[in-house]
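Form predicted on its own, single chain, as structure tokens, below.
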Amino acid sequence: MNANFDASYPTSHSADNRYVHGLDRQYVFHSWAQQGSLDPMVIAGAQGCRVWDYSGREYLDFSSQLVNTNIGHQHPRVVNAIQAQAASLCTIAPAHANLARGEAAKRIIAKAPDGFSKVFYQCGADANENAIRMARLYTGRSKILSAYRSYHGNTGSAIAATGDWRRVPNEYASGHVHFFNPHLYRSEFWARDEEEECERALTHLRRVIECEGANAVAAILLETIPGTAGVLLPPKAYLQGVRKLADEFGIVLILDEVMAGFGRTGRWFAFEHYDMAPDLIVFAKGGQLGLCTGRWRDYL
């Protein structure tokens, strides 16, 4: 903590970069970071693709914050809609029916592939958690297969399903198995071209399923296009091949579109580029927070 920090609250006119930075460093805990070495950028306001600090210095927001400001900051229609809803009803418990929630779900289902019928509202990591639970309950199996080059959230099962290094000190959930997804630039399969990379990656996934016991695998969880791992476009036939493997072995296919969905690739859902569809779609950030479900309407 900064012993010299003055915690007296300033007016909105007198707040400055130094005060806000000191406030953050004394009272705020940041995720995925060593707290003592942090030096966060101070943001006072934003408009469109630009943000600025209290001194008026502007920056371009190339990351769209957490890849979630699809249409920019402070869009007037978004601000007006938030204000109108707040004036009508600020919050409502999940057990109740509500016009805004129902209309949003209806419009999402209208954009989803045929057969999808329900939306379950959660935040991104929780949506992955619940997709995993649904797959396990539906199949009666326990194992979840996911890729090493992936990120699915920081909650219990979501971080265990994540492939990158951050999962290692946080692996308290059981039943998670990882495999290599295709990435020709740093191929794990010594492939010479995209077609060979795709073929060998699918053979590898088949062997993982067989070695783990197909009757023990509840779901394959994949980011349609890995984001945090490096925006890795899969070969055209890869997701189709994964879909066939899931069907062959009775495995639920979950596609995590938290970063790739809702228009970021030019389609409402990124998997639409690959002429296939999953059993569960997980989405958040740029779209409604939630989990879109479709295949097991009788079960749900």
Ligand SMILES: Cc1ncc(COP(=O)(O)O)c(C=O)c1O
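For every residue, the number given is its place in the sequence shown, counted from 1. Small disclaimer: the values here were computed from a predicted structure and weren't measured.
Keep in mind the form predicted together with the named molecule is missing from the figure; the text below concerns it.
Chemist: What stretch, of 120 to 128, 169 to 177, 185 to 193, 101 to 109, brings heavy atoms to within 4.5 Å of the named molecule in the predicted bound form?
Modeler: Contact-bearing stretch, as computed: 120 to 128.
Chemist: Is it the case that residue 242, even though its partner is missing from this view, gets within 4.5 Å of the named molecule in the predicted bound form, heavy atoms only?
Modeler: No, residue 242 sits far enough from the named molecule in the predicted bound form that none of its heavy atoms falls within 4.5 Å.
Chemist: Residue 116 near the named molecule in the predicted bound form, any heavy atom under 4.5 Å?
Modeler: No, residue 116 sits far enough from the named molecule in the predicted bound form that none of its heavy atoms falls within 4.5 Å.
Chemist: Would residue 285 show up as a contact with the named molecule in the predicted bound form if we use heavy atoms at 4.5 Å?
Modeler: Yes - in the predicted bound form, heavy atoms of residue 285 and the named molecule come within 4.5 Å of each other.
Chemist: Residue-level contact is defined here as any heavy atom of the residue lying within 4.5 Å of the named molecule in the predicted bound form; does residue 215 satisfy this criterion?
Modeler: Residue 215: no contact with the named molecule in the predicted bound form.
Chemist: Which one of 228, 85, 139, 203 is close to the named molecule in the predicted bound form, taking close to mean a heavy atom within 4.5 Å?
Modeler: Here the answer is residue option 228.
Chemist: Looking at 254, 270, 251, 258, which is the one with a non-hydrogen atom within 4.5 Å of the named molecule in the predicted bound form?
Modeler: Checking each option against the named molecule in the predicted bound form, the one that comes within 4.5 Å is 258.
Chemist: Scan 38 to 60 and write down, in order along the chain, each residue with a heavy atom lying within 4.5 Å of the named molecule in the predicted bound form.
Modeler: Not one residue comes within 4.5 Å of the partner.
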